[in-house]
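Next up is one chain by itself, shown in structure tokens, the form predicted on its own.
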């Protein structure tokens, strides 16, 4: 059996390394891509626990990550109480509390912040050093799909020559070039597009990030600087990701993501970024102005999905070749790891003579479920991202679902293990989107005239499930995590509604 991997970026190298570790040595893995990855911008610097677990346990990169990249202890969200007043720097700050680590490492990092240039180079070096992965320096120009007899790839080599390659499976990891999706007409551009301008700075004054009035708990066992920071606005949000430079110094990745249906300004340069962001978040622009811009990138109307992502005809489309998600939850590479593990399971079954078109289609459907539900949740959020109170309700709900539902299911292989697949249905109970807050909480928000500091409910350690990454031998233990999450969500809803009822009874909240 031969697997042909199209592309030479992060995703293709991750997949090639995983397949080499998981599949028999007799399975050939051929990676086809140019030495130069091209000028497309790198995305995916902030990763979440799903990605970290894959990199650490499946690819064996934990020591490398600790040495060359910075820890990420949480996702931190800054909701401004008075977004129309740039002079007021009062924010309701929400994050998941990182658990202390008994071995002395400062806080147990749930994941990492990746300097993508250096991380991608490291993976290429690992692939080059692996004698079980062959590589062709060139580009795939065309392909004839034949799921039974074998696919035929036409390749233009870097030295100008041409060749063909036969393969049993073809995996398209060509990134935003979307080779296979375009050829087969599978790309969908949904409503709710996004624009994104981002850049990196060096030599900045990180202390300026503290120049705000932060409402909410402070944690003394990790440095909040080492989180992914999100500053929310009307129809837009800003990321700030601390990174480690090649020389060991500090970098900061800063991005501005907007929904053009809900944000009227065009942010596509440092000048336009400073002009617009200073009107709402001067704490951000102060930090930018204190540093030196290293590089800039721009993507406009970039949101798309490919469906299906896998075929019974023995091909798969993964990573940016299959979808371009909103980066709000840092879950792009997490979805990639799900695809790699699912395809690994499909190829292994095929090698054993158990190829099942029904199973292929089921995994393709199961992958797309959380992608679409999470993206729908983000799309629904944009019109009210500047509503500090409603946004705090949303993030508490979303992160509880993640730590008690999504993460335990992935950690326990429920997205590809045939014996555990039935649990994956919990991702869509009764056809509902698990990440979206109930309508009763949206209605309750309408009863609050103007949120005050005492109105917010903070959930740090409550929504951080300490057993979320545990691989259980007994499937009943996974059920217990899902049930525990349901109780946390029910308790949160009850607490929030009771608080609003109490304050309303005291005459503090009702709209005129």
Ligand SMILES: Cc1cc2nc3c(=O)[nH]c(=O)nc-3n(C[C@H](O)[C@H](O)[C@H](O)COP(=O)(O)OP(=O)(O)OC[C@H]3O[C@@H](n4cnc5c(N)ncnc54)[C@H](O)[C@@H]3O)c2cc1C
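Residue numbers count along the first chain shown, from 1. All values reported here derive from a predicted model rather than from experimental measurement.
We do not show the form predicted in complex with this ligand, though everything after this point is about it.
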query	finding
In the predicted bound form, residue 170 touching this ligand (heavy atom, 4.5 Å)	no
Partner proximity in the predicted bound form: residue 234 to this ligand, non-hydrogen atom cutoff 4.5 Å	no
Contact test in the predicted bound form: residue 33 vs this ligand, heavy atoms, 4.5 Å	yes
Contact of residue 6 with this ligand in the predicted bound form (heavy atom, 4.5 Å)	yes
Three-residue site 95, 190 and 367 fully in contact with this ligand in the predicted bound form at 4.5 Å by heavy atom	no
Partner-proximal stretch of 398-406, 373-381, 136-144, 270-278 relative to this ligand in the predicted bound form, 4.5 angstroms, heavy atom	136-144
Contacting member of 111, 330, 115, 342, with respect to this ligand in the predicted bound form [4.5 Å, heavy atom]	330
Contact residue in the predicted bound form, from 71, 181, 242, 325 (heavy atom within 4.5 Å of this ligand)	325
In the predicted bound form, residues of 143-175 near this ligand [heavy atom within 4.5 Å]	173, 174, 175
